[in-house]
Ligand code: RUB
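Heads up, the chain below is alone and in the form predicted alone; it's given as structure tokens.
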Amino acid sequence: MQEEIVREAAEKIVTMEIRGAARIARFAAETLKSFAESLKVSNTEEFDKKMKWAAKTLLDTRPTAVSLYNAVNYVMNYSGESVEEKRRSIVERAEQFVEWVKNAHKNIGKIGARRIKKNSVVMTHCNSSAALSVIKEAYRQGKVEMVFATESRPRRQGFITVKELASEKIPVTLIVDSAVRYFISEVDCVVVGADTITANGALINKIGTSQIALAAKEARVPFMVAAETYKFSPKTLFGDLVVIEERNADEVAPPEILSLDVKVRNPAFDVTPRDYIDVIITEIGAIPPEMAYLVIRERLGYSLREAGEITLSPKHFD
């Protein structure tokens, strides 16, 4: 069935077969494109109904990742009078969004590398394609001496990071999350990614990020965030709080613990206040966190529908 395209995609996001905010966003756009191309319907009402179902199914997988919301919302802002016109519009918008993702990483790498000094030891957390683009470009420029990468419990996304860095011959040391403060004195700068940037410049990212930011501030180590502009949240302009996703307890505790009368909490993300962030590296430049509001207004643009839904219309992708 055509719906299986979406159900299978949603399952891959939920189980974290597809992980990382940028990868999830791109995957969602590509899924909506594939679904639209496969739909065999004769009228526009049925087409719209099925596309809205697909969008909701994808959005329900990861409530914290604003990149997913922005990707789906951008593709779903399609137009057309006939089924074929609507289909072509979705395909075009999905391809635009995918191109946006590709170009953003290249630009973030170049812009972020300028902020890293020569012979730097860099610390990173979890597995962020945006953060890694900065580290890789800085290494190519001869600026990175070594990288500390956290294990990133409980899913250990840090393992992916160290494999990626090692494959490019970048010296990397894997550490457990709780050892961040122990090693922070050896670090010249921290570069992390983002799941969401709020309108007031706060960062929502992988659990443990705020503790690294605190340790960096205490040690006077620059803390940089690499974030594509589609990770900025327009919803927070209106006071909406970002939902912090809690994942299954079995990611944290083994069966013998779960069988006991013990409560297990497993938040996937935490909030880093803007006061702990030195700079946010985006594809349009390096900005202070206080400028997040302007990025949402000027870079993304938005309009309010009668139902209060925000529709994003990015102005450019280069």
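A residue's number is simply how far along the shown sequence it sits, counting from 1. The structure presented is a predicted model; accordingly, all values stated were derived computationally and were not measured.
Not on display, but discussed next: the form predicted together with the ligand.
**Student:** State yes or no: in the model of the complex, is some non-hydrogen atom of Ser129 no more than 4.5 angstroms from a non-hydrogen atom of the ligand?
**Tutor:** It does: once the ligand is placed as it appears in the model of the complex, Ser129 has a heavy atom within 4.5 Å of it.
**Student:** Does any part of Lys33 reach within 4.5 Å of the ligand in the model of the complex? Heavy atoms only, please.
**Tutor:** Answer no; every heavy atom of Lys33 is more than 4.5 Å from the ligand in the model of the complex.
**Student:** So in the model of the complex, is the ligand close enough to Gln157 to count as touching (4.5 Å, heavy atoms)?
**Tutor:** Although the ligand is absent here, Gln157 would touch it in the model of the complex, with heavy atoms inside 4.5 Å.
**Student:** Can you check whether Tyr276 is within 4.5 Å of the ligand in the model of the complex, heavy atom basis?
**Tutor:** No, Tyr276 sits far enough from the ligand in the model of the complex that none of its heavy atoms falls within 4.5 Å.
**Student:** Quick check for you: of 112-120, 199-207, 137-145, 178-186, which stretch puts a non-hydrogen atom within 4.5 Å of the ligand in the model of the complex?
**Tutor:** Of the options, only 199-207 has residues within 4.5 Å of the partner.
**Student:** Of the options Ile212, Ala149, Ala194, Val75, which one has a non-hydrogen atom that comes within 4.5 Å of the ligand in the model of the complex?
**Tutor:** None of the other options qualify; the answer is Ala194.
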